[in-house]
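This document contains two forms of one protein chain, each encoded as structure tokens and listed individually as structure 1 and structure 2.
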Structure 1
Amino acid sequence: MQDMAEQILAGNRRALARAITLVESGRGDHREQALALLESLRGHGRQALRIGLSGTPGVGKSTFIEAFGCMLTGLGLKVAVLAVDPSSARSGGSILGDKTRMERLVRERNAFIRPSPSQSQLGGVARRTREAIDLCEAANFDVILIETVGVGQSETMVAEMADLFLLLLAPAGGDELQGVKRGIMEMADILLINKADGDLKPQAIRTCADYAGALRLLRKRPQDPEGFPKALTVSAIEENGLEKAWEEMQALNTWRHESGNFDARRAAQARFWFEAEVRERLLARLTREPVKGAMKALAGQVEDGALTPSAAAEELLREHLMME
């Protein structure tokens, strides 16, 4: 683990890829090694700008990330892309095809792309995406792009691990009423209306105006300066609007640093993931013996009508998980 940590700090991409595979593993011995690795890397590397990016399937997330990533590497920045692909509910497998889509970005020396399966994790990200972010920061990347599965309005988990949250929208994808709906819309820092090119450009401009009006109706958030969140039009294919979007991201990030909001947000996220990890560990105990056997026995009593579901749950928690 010490050798792997040194290679990651030196920017070795192969070591970084192996480390991400390690933290994603479900084996107990691998988990112990991953925790030791993460602890040895804590406090090293640089503080990267974490950008979460979501949007419905087909909105052009991969195309945007490739164009945006190439622009950032052209500015001399090191960019890591953590893409989460949906897993099959039937087979559990994932295609993991984002590298195939991002042919130009894959060839960039200062870019690293890592697709991961979502498995059974909800919220649009993989279970260990947060730890993969820590590894990329240790490897001294300047910008980390986290692309979510793209499942809809409930996909807000990425906002708990990113400094900026971008939401990609398609032209004619909604009106002002859609814009003021709660959920993913109110979590976004910047709305990007993609595909603002060709015949869709007028529709993209109208959609951007609709959402800009809707954003003014939302309650102002303490982490935003005047004018944010805002809506912008971009074209990933023609690479128009990318520089403007990057300028707005930098302006928002600078303001949050100067106001102290950035550090407070990172601290709140750390607390959130501590509590999430505790919940995950407790749920994992239900799948192991002797709790698994006790749960099966109590489930049988519930089926027979000998116990109510509430009473059976209370007994399981009290007798086997030592909770009151």
Structure 2
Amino acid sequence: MQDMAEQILAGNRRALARAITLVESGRGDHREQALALLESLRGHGRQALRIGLSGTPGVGKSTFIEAFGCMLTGLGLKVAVLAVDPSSARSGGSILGDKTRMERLVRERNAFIRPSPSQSQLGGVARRTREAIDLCEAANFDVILIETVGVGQSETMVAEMADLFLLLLAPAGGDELQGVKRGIMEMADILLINKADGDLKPQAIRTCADYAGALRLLRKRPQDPEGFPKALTVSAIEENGLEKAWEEMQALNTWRHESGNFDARRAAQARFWFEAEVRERLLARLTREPVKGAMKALAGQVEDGALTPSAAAEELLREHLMME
């Protein structure tokens, strides 16, 4: 593990890929190795800008990541792209699975693209993604893009791992604007209205103005300077507006660093994930023997009416989970 850690710190891509595979593994011995690796990587002092990116299918996420990622590598920055796709855990599919949709970025020396793990247990997605982020940060990437699809809790999860959160949107009629859930709007730092090109350009500009108006109605957040969150138009295909978007991200990031918000947010996120992991692993006891079997037997008695739900819960907690 010490060897692997040194290779990662030296920027070895193959070691990084192997390390991510290790943290994604469900095997007990792999888990021990992964924890040892992460421990030996602590204190490297490197800090990437972690950018979360969400958007519904069809909005142009892959094209945007390709264009934005190439622009960043063109500026000499090292870019890692990770994906969180809870649906792939069930379907076996994965976003970013088709790397050919990013054929330019995938060939860039300074880019590293990692598809969402498929067939993984849903509960562990967050932990594995956080650990993959840590590994990329240790490998000295400047920007880590974390892509997710606009479904369920995955956006909240990614927002809790990212320093900045981008929401990619398509040009839309005024009525459709309401379709974006308020909660998602409130998580976003920058809304990017994509497809501001060709026939859709006027509509993209109008949509952007509509969103800008909606954003002004939100209460100002303590983590934002004047003017944020904001809405911008981009064209991933024509590669327009990407520099401007990057400038805004840097401006926001600089402000948050100087105001202390950046560090405060990272600290709060670390605490959030610590508490989430404790809860998750505590509940996981119920799905392992011997508790699992005892719970099943008591559930049978509850179904038969021999025990009330509360009395059975009391017995399980006292006898099998060492609680008073």
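Please note that residue numbering is based on structure 1, beginning with 1 at the start of its sequence. In this text, rigid core is short for the largest set of C-alphas that superpose within 1.5 Å between two forms. Note that the structure is a prediction, hence the values are computed from the model and not measured.
Only structure 2 of the pair represents the form predicted together with a further copy of the same chain. Relative displacement of the Val302 Cα between structure 1 and structure 2 on rigid core alignment is 3.2 Å.
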